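The chain below stands alone and is given in structure tokens; this is the form predicted alone.
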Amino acid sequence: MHIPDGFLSTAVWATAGAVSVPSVAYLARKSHRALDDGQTPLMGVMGAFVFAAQMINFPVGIGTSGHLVGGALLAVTLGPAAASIVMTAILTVQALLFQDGGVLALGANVFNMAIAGVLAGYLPYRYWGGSSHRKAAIFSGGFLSVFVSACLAMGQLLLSGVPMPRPVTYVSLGLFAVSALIEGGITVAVAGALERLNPSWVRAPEEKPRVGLGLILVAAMLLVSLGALFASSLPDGLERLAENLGIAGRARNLFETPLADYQARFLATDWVRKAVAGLVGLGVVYAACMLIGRAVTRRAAVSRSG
């Protein structure tokens, strides 16, 4: 789902960046209305959990894998504005630290997953989440968050002049739909588990969240430490699409990092390399989300006092 550098034309990635930067700034201002200092840890812990879950790929058929994206899960726990900020922080860390998604393409990835994907994931919950269709709303949000993001990525490739034959398009849409269905199921399961542990962890529409998040952080640490033992090594849907279109060789990195591809390459053992890289990323994402949350809530406090 993360578009690397080299796939998009300059006009497309520059336009996406020009749209994403002010959009994220607006969402940051909007999110301070829903959060206060006591709720800041929620951003850090949920950001860390979603980052960890994104590291675990699972097969979706035809030599392709997928992973939890987490846009809908963040939206139902944080609200849409704060969820977009947290997803933006995750995508930025992934691009800069792990070279997962391009630096120049970051604006496109943020627009696809952190803005449009989160909004698509939240809308069903916003309108049906307080009714007897709550689980269906969460499932629909999980599905839409992934499918909308995938369709936008394919559209950006088309706008960049990448030829996309119909058979490849249909197969890719089918694989993305399977990933989206799995996303919906996982989102329902995780949201249900959080509610059973503490009902306040999943907010009702228009309700402010409360915290109690140690178990989620422990789960995130276990995911990044042990998940590499079970994660699929198959390419994800976008990587498979790039292979089918013959553009996989265009992917390039603007610089090299010691944690590229989620591996601490200075270590000898494969599992240790992945576990250490995951734990480092977990800490960076947690810290980034906490800093952003504190900045947002500080702004909120100043606004209220003024």
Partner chain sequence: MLHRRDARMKLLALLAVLVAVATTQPFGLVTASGFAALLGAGLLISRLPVTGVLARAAVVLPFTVTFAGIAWLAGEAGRAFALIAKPYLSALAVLLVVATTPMPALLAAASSLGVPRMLVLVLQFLYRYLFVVAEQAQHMWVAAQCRGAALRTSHRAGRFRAASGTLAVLFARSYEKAEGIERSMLARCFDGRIRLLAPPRLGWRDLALLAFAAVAAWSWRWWVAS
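Just so it is clear, the structure is predicted and the values come from calculations on it, not from any experiment. Residue numbers count along the first chain shown, from 1.
One more form of this protein, predicted in complex with its partner chain, exists but is not displayed; see below.
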* Asked: Which among 218-226, 119-127, 187-195, 135-143 is in contact with its partner chain in the predicted complex, heavy atoms within 4.5 angstroms?
  -> 187-195
* Is residue 99 close enough to touch its partner chain in the predicted complex, meaning at least one heavy atom pair within 4.5 Å? -> yes
* Would you check, heavy atoms only and a 4.5 Å threshold, whether residue 286 touches its partner chain in the predicted complex? => no
* Is there any non-hydrogen atom of residue 88 lying within 4.5 Å of its partner chain in the predicted complex? -> yes
* Please run the contact check for residue 167 against its partner chain in the predicted complex: heavy atoms, 4.5 angstroms, yes or no? => no
* **Contact set, 42-58 vs its partner chain in the predicted complex - heavy atom within 4.5 angstroms** => 42, 43, 44, 45, 46, 47, 48, 49, 51, 52, 53, 55, 56, 57, 58
